[in-house]
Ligand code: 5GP
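One chain comes next, on its own, written as structure tokens: the form predicted on its own.
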């Protein structure tokens, strides 16, 4: 994979460009994709954003989101766009398997593939150009760097600023995670000087949920949470029946794993959700416990040192049992947490 700065001199040459991200895109995935979309359109390119799946409704406010193509709903049209693309930007993922049913089409595409991502262990062989930096707070921050580095900072408008801010803010846990570097705050200050109204972004992202979601969270914390103090670990296991009972939609479980991480003494927080076709796992940690390695070792996943995910095709009960075995096998490290 060649450094992405090598394409900077080609950015003013009109191209057919597809931007894609991981399945079930979160705030960073959608924010970075749409920020890049707007800057490339401003540069005269024919640009389409394709999401491998649907996304949370609380992201629909983002400028440009209405034009995003859901691959599962518009497969034929999306395939044509991918097949005819000159460039394909891959954002907020670094392994094509994370695009679900799009993987084979992306592999077959003759388009130049460009990576912008901050996760560990990228699939470098499939990308011609790119930047992979695990020290970055978010892919949205990296898109900002891409815009500035290519010399088009002057094209950042309110739409781009909102998308970048949404991505960075969500992936840093509202700027509280260790990845929030001085550069992040300087970038936000820059965007605010350009007119960004940050409070409106917060409202759109965090004050747009249903009553059902609030009741679901209450039920989950009361009835689905287990705390294993001998391992400094907390687990939430959500059944498919719970999802149906509370009419849970895509995105309604976003951030739920962080609730248990707020318990004093908890070093590892996990949530396992029965999605029907698979059991989805999310892990968060504090201190020196590497959930990226944990997810890769036990749950077919990966991610960051302190935030990772995975999945299993086994029944929920079996996955919960496997998790309990896994934390027992990591007892020495988990029990060594110092307050």
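Bear in mind that the values here come from a model prediction, so they are computed numbers and not experimental data. Positions refer to the first chain, counted from 1.
One more form of this protein should be noted, the form predicted in complex with the ligand, which is absent from this view; the next part is about it.
Q.
residue 311 versus the ligand, in the predicted complex: is there a non-hydrogen atom within 4.5 Å?
A. Residue 311 belongs to the contact set for the ligand.
Q: Examine residue 51 and determine whether its closest non-hydrogen atom to the ligand in the predicted complex is within 4.5 angstroms.
A: It does not: once the ligand is placed as it appears in the predicted complex, residue 51 has no heavy atom within 4.5 Å of it.
Q: May I ask you to state whether residue 307 is within 4.5 Å of the ligand in the predicted complex, using heavy atom distances?
A: Yes, residue 307 lies within 4.5 Å of the ligand in the predicted complex.
Q | 4.5 angstroms heavy atom contact with the ligand in the predicted complex for residue 217 | A | The answer is no: residue 217 has no heavy atom within 4.5 Å of the ligand.
Q. The ligand isn't shown here, but in the predicted complex, which of 35-43, 66-74, 53-61, 282-290 has heavy atoms within 4.5 Å of it?
A. The contacting stretch is 282-290.
Q.
Exactly one residue in 155, 263, 95, 225 has a non-hydrogen atom within 4.5 Å of the ligand in the predicted complex; which is it?
A. Comparing distances to the ligand in the predicted complex, the residue within 4.5 Å is 95.
Q | 113, 136, 267, 119 - the one with a heavy atom within 4.5 Å of the ligand in the predicted complex | A | The option sitting close enough to the partner is 119.
Q: Counting only non-hydrogen atoms and a 4.5 Å cut-off, give the residues of 289-304 close to the ligand in the predicted complex.
A: Counting only heavy atoms within 4.5 Å of the ligand in the predicted complex, the contacting residues of 289-304 are 300, 301, 302, 303, 304.
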